[in-house]
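First comes one chain, alone, set out as structure tokens in the form predicted alone.
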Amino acid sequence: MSNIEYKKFGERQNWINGNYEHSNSNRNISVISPYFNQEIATIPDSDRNDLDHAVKIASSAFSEWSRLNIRERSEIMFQFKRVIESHLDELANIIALDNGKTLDDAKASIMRGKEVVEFATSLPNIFNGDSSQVADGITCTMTHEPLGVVAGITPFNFPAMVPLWMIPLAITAGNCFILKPSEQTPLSALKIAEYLKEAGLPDGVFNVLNGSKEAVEGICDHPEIKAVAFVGSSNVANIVYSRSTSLGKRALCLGGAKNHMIVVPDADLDSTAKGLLASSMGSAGQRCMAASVAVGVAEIDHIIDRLVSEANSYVLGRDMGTIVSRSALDRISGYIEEAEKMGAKVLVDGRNPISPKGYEEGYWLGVTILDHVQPDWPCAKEEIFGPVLSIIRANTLEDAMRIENNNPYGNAAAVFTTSGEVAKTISETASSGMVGINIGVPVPREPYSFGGWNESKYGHGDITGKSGVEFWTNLKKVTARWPESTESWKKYF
């Protein structure tokens, strides 16, 4: 496996007004590396006084930042892109140490986040104004205007990528931003703050507030925060959305998922087995785009056999990192044990794996594949958020789609087939915001936007792409009519 460099960061603070600042709170949170089961940092559990201070700083910075020409703001994104690229290895090691990803997975997540930075550099073209003559002597012009102070609340599983989905669009649009990263994985966010300053971002435009429940509730409640974006579990997404919007705040909250992959007998054997495995086991299954249920239609034993063969070649530390915490590892293991008791056949058992040398204290769980799962079992209905693939058997494509549609979530669905007719049927009937055809993780590339349906999203629009730009801005429409001039100089026309 790639060597994860162990490092202790000591006491970390909030990032306010372009520098590290001590919190008013006397509570601290330990940051534990899942590779080593050791504390690598502490952060403050910030209180509402800390949030008030961050909002005040951001509000002060907004006036000057929002008045800058959009091209000046986008130029900082060009520089930020360069800084990220020059520090790729540094940031990847922090993510791996903090979160448990492999270095390759960490780098890939940074590059996906960098796509949004690149898209943000194109905003001068999007913000060029839409103007036309709508009647004789009357013109209408529409512009995107920033909201003011906005905030993002981000999860542990992609501690750099998800913030990079929010920050570039929000601040390039002219807003000032407060980020509340996961208290489990805060170190990447603080490093991003340093990179933004290196790129030339003025102090106060971007701030990081560490903390837990009080910080989140404060962001929802603060009257000067105009919009909140959230990524995390569905139950918390619903709470954040409801609490924020009840106070007149704009909110877009992305929740969990239970993504289904439909597999039919004509699917390509090799690419399907690899696709099923990569989708369900990537990031150790700790992502809302993990397809944790495979619905096999009719006779697919030949594909499952190949899937098991591929799974047995997976190496912990090389192909898959750790689980984020001891409590998460215990919870995931509980789902496996429950499914086995209910009658699932364990084709591949990832419990009690051999840990990579030098990382024996880490939170390891190997690839786990459960066959003959019933649709109403917890492992088939609930978001496990771990490297567990449940296989449900269906007699017909109609039965398979009924199972997919009954799933209350709606992030993604996928189909593996060589039939265009089957692919068309799934893409048209899947109750999901993102659909993959022979692609197990159908995350759109910029400028297409990321976002699900149903209980996977609370709010309207998506978090990236042009839809993301619209979330962070208000549209201003100016309708103008100029009367004929009676000035004497008109005779010179």
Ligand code: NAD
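Sequential numbering from 1, following the sequence displayed. What you see is a predicted model; the values in this text were computed from it and never measured.
The next section is about a form of this same protein that is not shown, the form predicted together with this ligand.
**Prompt:** Where, among 230-238, 350-358, 366-374, 125-133, do residues come within 4.5 Å of this ligand in the model of the complex by heavy atom distance?
**Reply:** Heavy-atom contact with the partner occurs in 230-238.
**The unique member of Leu187, Leu389, Ala120, Val216 whose heavy atoms fall within 4.5 Å of this ligand in the model of the complex** = None of the other options qualify; the answer is Val216.
**Asked** Taking this ligand in the model of the complex as the reference, which of Asp319, Glu310, Glu383, Glu75 has a non-hydrogen atom within 4.5 Å?
**Response** Of the candidates Asp319, Glu310, Glu383, Glu75, Glu383 is the one lying within 4.5 Å of this ligand in the model of the complex.
**Asked** According to a 4.5 angstroms non-hydrogen atom cut-off, is Pro155 in contact with this ligand in the model of the complex?
**Response** Yes, Pro155 sits close enough to this ligand in the model of the complex that at least one of its heavy atoms falls within 4.5 Å.
**Asked** Hey, in the model of the complex, is Pro159 touching this ligand, heavy atoms inside 4.5 Å?
**Response** No, no contact at 4.5 Å.
**Asked** Does any heavy atom of Asp105 come within 4.5 Å of a heavy atom of this ligand in the model of the complex?
**Response** Outside the cut-off, so no.
**Prompt:** Contact between Pro202 and this ligand in the model of the complex at 4.5 Å, heavy atoms?
**Reply:** So Pro202 does not count as contacting this ligand.
**Prompt:** in the model of the complex, does each residue in the set Trp165, Glu183 and Ser456 place a non-hydrogen atom within 4.5 angstroms of this ligand?
**Reply:** Checking in the model of the complex: Trp165, Glu183 and Ser456 are all within 4.5 Å of this ligand.
**Request:** Within 4.5 Å of this ligand in the model of the complex, which residues of 394-416 have a heavy atom? Give them in sequence order, or say none.
**Result:** The one in contact is Asn411.
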